[in-house]
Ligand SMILES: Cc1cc2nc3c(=O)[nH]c(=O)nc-3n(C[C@H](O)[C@H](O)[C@H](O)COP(=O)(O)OP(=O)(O)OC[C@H]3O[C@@H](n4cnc5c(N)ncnc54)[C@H](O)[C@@H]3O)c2cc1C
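One chain is shown next in structure tokens, namely the form predicted on its own.
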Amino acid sequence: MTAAPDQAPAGGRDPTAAVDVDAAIVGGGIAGLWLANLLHARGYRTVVLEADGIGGSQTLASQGMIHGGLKYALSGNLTGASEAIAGMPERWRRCLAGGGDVDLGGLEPLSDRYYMFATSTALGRLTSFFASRTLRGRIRRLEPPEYPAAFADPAFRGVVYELNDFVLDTPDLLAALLRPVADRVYRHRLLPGEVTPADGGCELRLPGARLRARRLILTAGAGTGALLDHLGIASPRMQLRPLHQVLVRHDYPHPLYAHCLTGIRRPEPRMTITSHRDGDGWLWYLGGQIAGDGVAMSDAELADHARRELAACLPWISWERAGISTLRVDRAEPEQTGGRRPDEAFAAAVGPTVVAWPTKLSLVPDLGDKVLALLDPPRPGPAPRLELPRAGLGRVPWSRP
């Protein structure tokens, strides 16, 4: 007796059998894992295909900031970008408390607050803007006894503000998101030729299996571009927005999570600093204006520039013996006029394909809302199982060989 079509014969899976899912997610960074958790909790049969290590190309290169957008309002006015993201810290905090869209209970932030500082108390119109009723609950000027340890040095004579923002350790965040869905996250680099339209959805010809997905959700970062081309999707298009970030290894004993506003001439932080464990000490990771300006610089030029900027922003700390290296990162985003930074998370359906970019780590909950709004209700069926290796966590850039 032969097995019925699409049914595994006794003794093992029929490699020609089809595995049916509601959604096949391509890309295992923060967006893919968040959506996998969101959909799994709502009864969707979901698999994730990740080409390399979980979070390896973009998520693990982020600074882990969950912020409410005030760094986009340094002109002294609220903007579309600052308001699109304003509610995100509270949504994430509900998740950390175990009561949000995704259960992240037990995940501890690297820092429960973020700061803005300047070495001078003269911030012009920003002083009154930060004190305005409009920003009540989002920013607070600190008194010296409240300063974080990095500003306790008597040589610091400036001003420090506390924001309702915080910083997560991205490897810990990814590990927390992976645990509930680990049995459906596979390591496989999806090739464009493996995807074809089929019966109102998509068919993926994978090693040892045919995967029939009602929805194909693309969260593959830079890898989304080639898939869009193969699928003949002319819009939306992808842009890669380059940054050149800075890694600082030093013997200063205190971590710091802060935007430097000293002497800013543009409405953006001079540098954005996060701190990450590096052996027995701290590594400082620098973004902000320095990362944008650094795109046009060589590694050596940016390292020299960063040493000068650190001396200007934090002159009470000696930077002579600090080890400085750089990291080029491409942010994969929906294409914008002039290549500008998008203000919001993005999701759009083109036939059975959903194209999704969170655009910022903070906006991932908003991305979840947008994707859910594009999906039909789940259909009942067996949990999907594929004969593919499981995907493991990637490594942060500063720990790679």
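What you see is a predicted model, and the numbers here were worked out from it, not measured in a lab. From 1 onward, residues are counted along the sequence shown.
Below: the form predicted in complex with the named molecule, not depicted.
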(message) By the heavy atom within 4.5 Å rule, which residue out of 26, 39, 347, 70 makes contact with the named molecule in the predicted bound form?
(response) 26
(request) Scan 74, 322, 202, 243 and let me know which has any heavy atom within 4.5 Å of the named molecule in the predicted bound form. (result) 243
(message) Is residue 284 near the named molecule? Define near as a heavy atom within 4.5 Å, in the predicted bound form.
(response) no
(message) Taking the named molecule as it sits in the predicted bound form, is residue 53 in contact with it (heavy atom to heavy atom, 4.5 Å or less)?
(response) yes
(request) Considering only heavy atoms, tell me if residue 45 and the named molecule come within 4.5 Å of each other in the predicted bound form. (result) no
(message) I'd like to check something about residue 190: if you look in the predicted bound form, is any of its heavy atoms closer than or equal to 4.5 Å to a heavy atom of the named molecule?
(response) yes
(message) Within 4.5 angstroms, counting heavy atoms, which one of the listed stretches 297 to 305, 263 to 271, 124 to 132, 243 to 251 is next to the named molecule in the predicted bound form?
(response) 243 to 251
(request) Any residue of 325 to 364 with a heavy atom within 4.5 Å of the named molecule in the predicted bound form counts; write them all down in order. (result) 329, 330, 331, 358, 359, 360, 361, 362
